[in-house]
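Take a look at this single chain, the form predicted alone, given in C-alpha cells.
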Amino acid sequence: MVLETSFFSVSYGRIEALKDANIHIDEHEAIAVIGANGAGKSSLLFGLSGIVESKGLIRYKGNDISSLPSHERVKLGLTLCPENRRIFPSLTTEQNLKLGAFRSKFKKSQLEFVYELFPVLYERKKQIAGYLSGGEQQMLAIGRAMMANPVLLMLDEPSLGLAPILVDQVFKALEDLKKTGLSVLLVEQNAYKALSFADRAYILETGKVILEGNAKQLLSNDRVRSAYLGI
C-alpha cells in the first residue's frame, strides 16, 4: 500500500473542511475523488501534501508522515499538481520543468520522459510559459510535478477551464502515466472522465466520505449518476 489515512481531518479556523476521512491508495492504483464545490476535495490534497495543517494519521509505505513538512513529503515521492496550474509565467517552459526537480536530484532522463509524454513542451521549451495556451500550461504543470519523480502523483482539477479537446489530451497523458505504474490521486469536477480513468473512487459531501468503490461500478450507481453525471 502506498498511502492510507485514518480519521484524517482538515480545518480552517472553526470551519472543518474534511472530517475523519479514511482512504487508501495501493501501488499502481488510480484513485478519483469527486464531489461538489466545497466538499473538501482540495483540502484532502492540501492536507496530504502538508500545505495545510491536518489531524489524524497519514501512513506512507507503512510509515507515519503526519508531522512531516511538505518539502520532506515531496522527497519521499508525494507530489501535488495544483489547481489553476500555478506555473511561473515569466520563466521559460524548460525552466519551469527544472524547478520541479528542486527538492530532488535533477535527472536528464526524467526531463526527456516529460518531453516524450508532452511533445509540445519540447517544441515550446524556450518559450516564456506565460504565453503558452491554457492546455499547454496544464501539461506544463503536470510535467513539472513529474520532474520530482513521484511515487504518488496528486492532481487538483487538471481539466478545469479547458476546452473538451484539451481535456481529452490531458486525460490521454494521465492514462499514459498510469501505464507506467505510477499511483495517482485525482480530484476532478468532470465526474465522468474521472470515474472512467480511475480504478477506485471516493465521493465526498460536506467534508465526509459518503461512498467509495470500484470506479466503473460507481458510473452506474443511480445516486452518482443523478448527482454528478446529470443522468
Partner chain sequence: MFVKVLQSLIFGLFQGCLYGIMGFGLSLIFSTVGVMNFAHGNSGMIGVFVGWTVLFLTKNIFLAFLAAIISATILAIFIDKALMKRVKGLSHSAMLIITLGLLLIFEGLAVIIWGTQPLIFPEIFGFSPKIVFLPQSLNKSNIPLIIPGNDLAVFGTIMALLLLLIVFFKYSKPGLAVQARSEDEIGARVIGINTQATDTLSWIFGIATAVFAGLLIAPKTTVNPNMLTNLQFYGFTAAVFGGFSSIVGAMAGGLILGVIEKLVILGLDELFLLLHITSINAVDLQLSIVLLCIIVTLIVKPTGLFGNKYKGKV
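Numbering follows the first chain given and starts at 1. Nothing here was measured: the structure is a model prediction, and the numbers come from that model.
If you look for the form predicted together with the partner chain, you will not find it shown, but the lines that follow are about it.
Novice: Might Leu99 be said to contact the partner chain in the model of the complex, defining contact as any heavy atom within 4.5 Å?
Specialist: Result yes; Leu99 sits at the interface with the partner chain in the model of the complex.
Novice: If you check in the model of the complex, is Gly161 within 4.5 Å of the partner chain, heavy atoms only?
Specialist: Flag for Gly161 set to no.
Novice: Could you tell me if Lys125 has a non-hydrogen atom within 4.5 Å of the partner chain in the model of the complex?
Specialist: Because no heavy atom of Lys125 falls inside 4.5 Å of the partner chain in the model of the complex, the answer is no.
Novice: Given that the partner is absent here, does Ser196 sit within 4.5 Å of the partner chain in the model of the complex, heavy atoms only?
Specialist: Although the partner chain is absent here, Ser196 would stay clear of it in the model of the complex, with no heavy atoms inside 4.5 Å.
Novice: 161-169, 188-196, 26-34, 65-73: which one contacts the partner chain in the model of the complex at 4.5 Å, heavy atom to heavy atom?
Specialist: Result of the contact check: 65-73.
Novice: Decide if the three candidate residues Tyr60, Tyr115 and Val151 all line the partner chain in the model of the complex, where lining means a heavy atom within 4.5 Å.
Specialist: Spot residues vs the partner chain: no contact at all.
Novice: Across 80-95, which residues bring a heavy atom to within 4.5 Å of the partner chain in the model of the complex?
Specialist: Leu80, Pro82, Arg86, Ile87, Phe88, Pro89, Ser90, Leu91, in sequence order.
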